[in-house]
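So this first bit is one chain, no partners, the form predicted on its own, shown in structure tokens.
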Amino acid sequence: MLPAGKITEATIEALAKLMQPGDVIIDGGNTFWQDDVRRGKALRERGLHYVDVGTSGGIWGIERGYCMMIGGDKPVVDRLDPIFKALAPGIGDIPRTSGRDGRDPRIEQGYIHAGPVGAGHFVKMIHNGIEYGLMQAYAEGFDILKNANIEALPADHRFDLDIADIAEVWRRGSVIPSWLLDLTASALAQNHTLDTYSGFVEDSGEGRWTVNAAVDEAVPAEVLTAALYTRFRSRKDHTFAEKILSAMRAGFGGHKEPPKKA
């Protein structure tokens, strides 16, 4: 469970030197899937197995369990199933989807064997790309609500809206509820101006990789691409939308904004 890049590469190499044929290395971080494919081939030549596990759940996974997207050889993944089952959230109180009888029961427990090495992190990469888009949609919507009373509007077209209450009511019976909305409502309830956030929004790599995959596959991904570019822009000038984004990131992943320069 390490950040993608040199530290993961070095750790896998160090572990490989200590292992015996048949042993397994599991990478549960947010690794680039093509690195998984390369590492899996190299480790296989040394008699070792490699399993990539895209892990979602943020800092709350310790309480709720982790949604996992797994890549690796089937016999190896099946052997490790007790580990994944213990970490997964389980069915919980989520209603069952009709028509799933006879399908892999692990899916309803919150984990999936997505395919061969690399497939787990590929699926998680797209998951994070979608996350960017969802967060951006909420952020822009709340920014429009916040600015509904600006002086540039005719007096009878202005609304002084309680954004915290709107976030809360949308959680209850609307068609746009989500954990991200829950986090937004919580942040706004504590500080409706979000003035403790600067609006500086980092990206951890998955959004870029998702856009690159869309280019490679010639798949139009306008929303996901725009959401990524917004994060780039946030490092130059900040809007209320970007404070919403920053609040959500802090809520689900404990992501801290960089300290302000003196």
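Heads up, when I say rigid core I mean the largest set of C-alphas that superpose within 1.5 Å between the two forms. Values in this document were obtained by computation on a predicted structure and should not be read as measured data. Don't overthink the numbering: it's just position in the shown sequence, from 1.
Omitted from view is the form predicted in complex with a further copy of the same chain, to which the following refers.
Mapping the unseen interface onto this chain, P82 falls outside it, with no heavy atom inside 4.5 Å of a further copy of the same chain in the predicted complex. Mapping the unseen interface onto this chain, A42 falls outside it, with no heavy atom inside 4.5 Å of a further copy of the same chain in the predicted complex.
a further copy of the same chain is not drawn, but in the predicted complex it has a heavy atom within 4.5 Å of G254. Contact between I12 and a further copy of the same chain in the predicted complex is not found at the 4.5 Å heavy atom cutoff. With contact defined as any non-hydrogen atom lying within 4.5 angstroms of a further copy of the same chain in the predicted complex, the contacting residues in 212 to 232 are N212, A213, A214, V215, D216, E217, A218, V219, P220, A221, E222, V223, L224, T225, A226, A227, L228, Y229, T230, R231, F232, given in sequence order.
A displacement of 2 angstroms or greater separates the C-alpha positions of A250 between the shown form and the other one, with the rigid core held in common.
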